[in-house]
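This document starts with one chain, in the form predicted alone, laid out as structure tokens.
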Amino acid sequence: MSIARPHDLGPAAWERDAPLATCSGYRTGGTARWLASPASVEEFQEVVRFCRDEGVPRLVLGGGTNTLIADGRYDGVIVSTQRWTGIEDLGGGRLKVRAGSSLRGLIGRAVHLGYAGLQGLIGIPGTVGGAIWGNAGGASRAGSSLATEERWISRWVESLTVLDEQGRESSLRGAELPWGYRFSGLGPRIVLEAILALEPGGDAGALKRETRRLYLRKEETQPLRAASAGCVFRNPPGESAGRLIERAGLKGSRIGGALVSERHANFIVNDRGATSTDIEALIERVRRVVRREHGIELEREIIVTGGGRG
């Protein structure tokens, strides 16, 4: 099947036969037939309609920090949100944020304005759109790996602007969505922007110190500077995936360049030039050993896609 770029999108928005390693937190992955980087709502709509009309798959990536892109070729369109950025202060603790904005940048802006609420998300990489789509969250207390609603980004989402599979734009109230652990219910819809309602009136200096303290504490127990996709597995009910993996003796396990982190067992990192195949094989080894040792089937939190998987 031959895919031609739509003529009414600017050349800078499209790249053919694009290498995907730079789009992934793991710094691995194959190529995509097309990489589209929209910089307006109209360009997002055109990309979505193009994929619909041509019958080709599409995959939306923000920072690629919760995704393992397979080796090989993705025979479709990767839609990057990284040119779609911007944060607007609406006053009273409310911020309008475009989906491609970094979560870290959002937290920094909120803290600077004295808006509290997002500090517990510090250290989570990626973009705001990805964080909302996957309902990113932090630990419920220092030293805990189990997240609660109090630390999920969904708590602060007042409203969203999204595109559906037909390229139609619509608004949703945050309260309409069936939020859950690492779940938003958005499905194939693309997050364009969000309005977050935070707690105004905080002391910016105190919030900055708290955020710094939380980051340093996370850095002690998580490989925040390594190439990874964050936590690989969801926590089973009442359990910690990291502790299950550690008790199974898997810290430091390696396949090729992929390594189960010595700092936090629920992180698999690209340690020495790993391929996506290495990482996926290590993920399956961890699942197999934990199943054998604990009788628990770990469910992936990261998305494995690309390389023809769709």
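Since the structure is predicted, the reported quantities are computational estimates derived from the model, not experimental observations. Note that residue numbering begins at 1 and tracks the sequence as displayed.
The same protein has a further form, the form predicted together with a small molecule, not shown here; the description that follows concerns it.
Asks: Only one of 206-214, 85-93, 169-177, 190-198 gets a heavy atom within 4.5 Å of the small molecule in the predicted bound form; which is it?
Replies: Of the stretches listed, the one contacting the partner is 190-198.
Asks: Sort through 275, 45, 261, 65 and report the residue having a heavy atom within 4.5 Å of the small molecule in the predicted bound form.
Replies: So the residue touching the small molecule in the predicted bound form, by this definition, is 65.
Asks: Going by heavy atom distances of 4.5 angstroms or less, which of 282, 244, 70, 60 would be at the interface with the small molecule in the predicted bound form?
Replies: Going through each option in turn, the one that passes is 60.
Asks: Verify the flagged residues 41, 106 and 160 against the small molecule in the predicted bound form: is each one within 4.5 Å by a non-hydrogen atom?
Replies: No, none of the three is in contact.
Asks: Considering only heavy atoms, tell me if residue 202 and the small molecule come within 4.5 Å of each other in the predicted bound form.
Replies: No - in the predicted bound form, heavy atoms of residue 202 and the small molecule never come within 4.5 Å of each other.
Asks: Would you please decide whether residue 114 lies within 4.5 angstroms of the small molecule in the predicted bound form, comparing each non-hydrogen atom pair?
Replies: Residue 114: no, not in contact with the small molecule in the predicted bound form.
Asks: With a cut-off of 4.5 Å between heavy atoms, is residue 50 one of the residues that contacts the small molecule in the predicted bound form?
Replies: No - in the predicted bound form, heavy atoms of residue 50 and the small molecule never come within 4.5 Å of each other.
Asks: Can you tell me if residue 74 lies within 4.5 angstroms of the small molecule in the predicted bound form, counting non-hydrogen atoms only?
Replies: Close contact is absent here: in the predicted bound form, residue 74 is far from the small molecule, nothing within 4.5 Å, heavy atoms only.
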